[in-house]
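The chain that follows stands alone, in the form predicted alone, written as structure tokens.
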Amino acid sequence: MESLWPSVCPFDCPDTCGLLVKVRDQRAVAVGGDPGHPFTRGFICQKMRHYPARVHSPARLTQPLLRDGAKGSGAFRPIGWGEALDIIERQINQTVERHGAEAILPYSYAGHMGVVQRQAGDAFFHKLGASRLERTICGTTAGLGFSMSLGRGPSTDIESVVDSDFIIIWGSNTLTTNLHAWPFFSEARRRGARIVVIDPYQNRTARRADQHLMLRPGSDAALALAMMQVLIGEDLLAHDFIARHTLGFEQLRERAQEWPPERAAQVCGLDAQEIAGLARDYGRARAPYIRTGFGFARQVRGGMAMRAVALLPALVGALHQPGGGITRTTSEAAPFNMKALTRPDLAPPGVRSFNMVQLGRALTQAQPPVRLLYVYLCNPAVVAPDTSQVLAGLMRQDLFTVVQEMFLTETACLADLVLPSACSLEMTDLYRAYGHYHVQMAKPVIPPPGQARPLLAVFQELAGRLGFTEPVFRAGEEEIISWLLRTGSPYLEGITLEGLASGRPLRVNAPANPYAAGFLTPSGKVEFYSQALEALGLDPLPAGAPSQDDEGLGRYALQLITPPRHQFLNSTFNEVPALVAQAGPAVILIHPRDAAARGIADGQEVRVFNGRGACVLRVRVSQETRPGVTVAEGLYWGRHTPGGQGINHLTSQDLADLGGSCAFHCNLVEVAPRQ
């Protein structure tokens, strides 16, 4: 007998799709889009269409595994949960007794986006007194750069963009990473809007745009400043908006004069007239709109780049025009009471912290050393930068590593103890989106396979074993969700546990124009001049200097960017053979001029390398990238590449200018035929 159940896509994507799951004999036999969801509207990406194959994969972990061979051998023997938890309890107690609680480090991120399970370990590790993890690897730089201009809080509703007449998609491959925004952009185009894509290579979205500006990676701030110079110089300004709602315009005018299109063209690799034309089109539009991605913020000066782009709408008054504005994230319109779940107050004062970008350094250089690593909802052996150093740390004989996972990932293969994890269809959770204004609760629709358990259950059992008595260590998912909703925020007024229990999406109370009541900056205005940045010793005005890999300058000639591949989501879905087959071999795009100079032919296997490491990829010679720029879409596990090593062997642990995110797209490499 078949039944149909509502659920939510749990993966790290702004769309947070509403799902309908067809269940037969306690198995998910099909997953489709929920046509009743106001934003995702009944269709899903090809990745999620394969979700049942992932959930019921024969490779799925169903019982705890204890290492039964040399570290890194991937040899394990099955054990029961009682023995597994005994081992973890003993390892924690011994580590704390011999080295102190700070010798324990949790490592997790966004492998599951449900709020309860994603944050399930926080209170446990806070109470334990473990070292803290700064979870900044993805969007913190983009968020801080944006907030230094426009403040925190929600940004423009993508659904409103149907009324725009000029759309810029800046650093986002929408058709791969934000698919459900495209129908709204397409409707605006049907009504007469133009779509411009700004991106260093010709991705799926760029091919569908009316215009594509293929700028050099890391030059986005220079382009934004040149647009400002044209807008100011040709008086394409919203003077009343600037006078009422901005701070520091005269200082910005002086800075913008330093960046005429001719100068920016040299930095960006674009034509000066192309830059000037973009600025004029933007300034003359009735309701221009910008969709920012994360790509251009993943540079060493990525925070400044995002800050500069975020200021453009204020110059033309787009933030108060129906259909106009700018979208970075919508998640801040669902400000859950996270402290009730994460309990940072339980942590002792002065606990040391590690930035998750620099896991390699933490595991190989920290003093005193990390002795126990607990990994969940992340695959750092693939996703963390500078993989060679990460692997060296994970292979330490004096490091005990616990991994809770659904599969034997490359990180799990290096663990001492592996715990089988439940998936989103097997546990209760609450979801908020960062691309639309709906929240949704999902309940289990199938049982977990074998002995797989939700993260919350595991951490609560460990807490009980260690004598932790706070209510957070006993509460069920629905009780925790009721706590999360107790915020007093007007955005969540009327959002109740009872309303969410139906499984239907509920729209938060985000205003049609989130900027109508002002800006959540220190001044309450758009800050062309930021005293907060000045206080940090940083440039208070937008600056156009390009990002660069200082370590590689003069040694390697090609820039490398590593955007997502259409069939994967970060490293997720490498477990689905059909998707790996669809994705094909791990490829690096290189311009014909660069290929010819290196004696490289299309389809050839090449060694891509720099001072941090190397990997082997197959070449695609293409004008979809520009001279001097290589593109490796991923993220492939090392086992799916010809040489067994992934692209993050080449990326740096250096942090971006604001927020501590990773400069994944700011690396210099060289490419040579494989010997």
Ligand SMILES: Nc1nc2c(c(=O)[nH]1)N[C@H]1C(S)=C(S)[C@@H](COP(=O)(O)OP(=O)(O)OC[C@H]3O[C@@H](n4cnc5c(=O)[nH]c(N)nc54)[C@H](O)[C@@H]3O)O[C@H]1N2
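For every residue, the number given is its place in the sequence shown, counted from 1. Remember, it's a predicted structure, so these values are computed and weren't measured experimentally.
One more form of this protein should be noted, the form predicted together with the named molecule, which is absent from this view; the next part is about it.
Per the 4.5 Å heavy atom criterion, the named molecule in the model of the complex is contacted by stretch 295-303, the sole one of 536-544, 259-267, 295-303, 89-97. This chain lacks the partner; the member of W170, F166, F124, Y515 within 4.5 angstroms of the named molecule in the model of the complex by a non-hydrogen atom is W170. Screening H640, R612, R54, R67 for any heavy atom within 4.5 Å of the named molecule in the model of the complex leaves a single hit, R54. Contact check at 4.5 Å (heavy atoms) against the named molecule in the model of the complex: all three of P200, M406 and N648 pass.
Not displayed here, the named molecule is kept clear of W182 by more than 4.5 Å at the level of heavy atoms in the model of the complex. For the chain shown alone, P288 is not a contact residue for the named molecule in the model of the complex, no non-hydrogen atom being within 4.5 angstroms. At a distance threshold of 4.5 angstroms between non-hydrogen atoms, D654 is out of contact with the named molecule in the model of the complex. In the model of the complex, the named molecule sits within 4.5 Å of a heavy atom of C13. Scanning 560-592 for heavy atoms within 4.5 Å of the named molecule in the model of the complex gives I561, T562, P563, P564, R565, H566, F568, L569, N570, S571, T572 in sequence order.
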